[in-house]
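Only one chain is shown below, in structure tokens, and it's the form predicted alone.
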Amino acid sequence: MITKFIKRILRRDPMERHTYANHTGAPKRVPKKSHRIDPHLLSKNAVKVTHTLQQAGYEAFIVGGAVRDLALGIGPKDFDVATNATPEQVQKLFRKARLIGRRFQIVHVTFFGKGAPEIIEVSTFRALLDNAGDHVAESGRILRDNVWGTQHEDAARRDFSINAMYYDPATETVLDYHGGMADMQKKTLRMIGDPAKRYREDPIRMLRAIRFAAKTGFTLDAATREPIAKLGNLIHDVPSARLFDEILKLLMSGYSWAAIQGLRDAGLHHGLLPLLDHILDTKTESKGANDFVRLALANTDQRIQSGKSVSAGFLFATLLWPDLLKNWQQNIAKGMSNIPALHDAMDDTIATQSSGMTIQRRFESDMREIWSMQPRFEKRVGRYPYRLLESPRFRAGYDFMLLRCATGEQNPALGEWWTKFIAADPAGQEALMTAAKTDNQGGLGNPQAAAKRRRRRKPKIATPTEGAAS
């Protein structure tokens, strides 16, 4: 085994041997008094998984982002476990366990309790792919990754030093192979190995670098940042579903505005979401769109940081709304009536988006429903308000409409009316609808459209002489 490993190291070129030279030794063992991880922040189910695997004779550690967050004093949202047991061996030890993935096979162990089910993701230590053969594409991207290895190989395969630490709950010890603890103290995000090679292996790492930097406030070290500008186009070779998952994580990180700015600074925003190409544009004609999206992202970040849920469909509906609104207005200018113009704009906006990153259909359905509700909020008489209240997605549509009011796209009086209507008793609701009949209902929609209507004058009545002259 040792001889085989040495031969494998010697087969690499000198640059690659240098890159992995410090990965073959023993890790730095960080005791509790140094890492100061609070056991109360640990998931009981994650500890149960490591304990069960260890009792069965396997190595098992909490790994990756969970260890990073624990060391920062943050309660992790998700817990991953790494082990030397194969996926099949892991699956046999747990009743609620299933194998998932082809390119990167892992096991999801599910625990049910009073709240939502918790999934602990268990992966087997991966080997270094030096003689990769059909495992790696010509671009360097890893296609299949189910070659098992040792813990130190697995650590070398991980992306950033702060994500390559292993925590053993039984001994309360952190195994640090790549100086992750030191980088955390320096607030530095550093790629393990040659960054350009690692980005080619998995272009998603470029997006992860931006997301981690935004979330932690750490700075990308020069060697980690430099190749991104040259290799950014590789992101478009990533399967659409995986790219969507990573963008969703970025937007749901609780630091989405900082992350989007990071994408812009790194030149990675082009072609992912159409709006990202001009989201930070300060030109006057883009100000309304920017204000709308900034407010939506700020609200999203605030909810996530407060532990509240956020709908992905709602989030993407806000990001694409400025493009949809532009298409909608253009359709009306061509002579289309209001509702057909809106639905045609939806189709165009989603089709344009699909040329970059395809949004999953379940979220697309939510987006369409939220968008379709917007004209209905202006109908405030008869049975219309009650029917709208009965819509399953009413709350999302209402919150969306309030965003439009907050940025001046809609008259704030419309949002105030609906807020009162929701809280009122039946008699109060009738009174509000009666008052709405006397309002200029068009004026409670788009304030710019209302202003145009107010400026119209009655046509001058022609005199007989004028009529004859014509």
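Note that the coordinates shown come from a computational prediction; the quantities given were computed from them, not determined experimentally. Start at 1 and count along the sequence shown; that's the residue number.
The following text describes the form predicted in complex with adenosine-5'-triphosphate, which does not appear among the structures shown.
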Contact of Phe212 with adenosine-5'-triphosphate in the predicted complex (heavy atom, 4.5 Å): yes
Residue contact check: Gly65 to adenosine-5'-triphosphate in the predicted complex, 4.5 Å heavy atom: yes
is_contact(Arg393, adenosine-5'-triphosphate) in the predicted complex, heavy atom dist at most 4.5 Å: no
Heavy atom of Lys77 within 4.5 Å of adenosine-5'-triphosphate in the predicted complex: yes
Selected contact from Arg242, Arg368, Arg376, Arg294, since only one has a non-hydrogen atom within 4.5 angstroms of adenosine-5'-triphosphate in the predicted complex: Arg242
The unique member of Arg190, Arg208, His178, His152 whose heavy atoms fall within 4.5 Å of adenosine-5'-triphosphate in the predicted complex: Arg208
Per-stretch contact check against adenosine-5'-triphosphate in the predicted complex, the hit in 395-403, 180-188, 108-116, 199-207 (non-hydrogen atom, 4.5 angstroms): 199-207
adenosine-5'-triphosphate in the predicted complex - contacting residues of 148-169, heavy atom within 4.5 Å: Arg157, Arg158, Asp159, Asn163
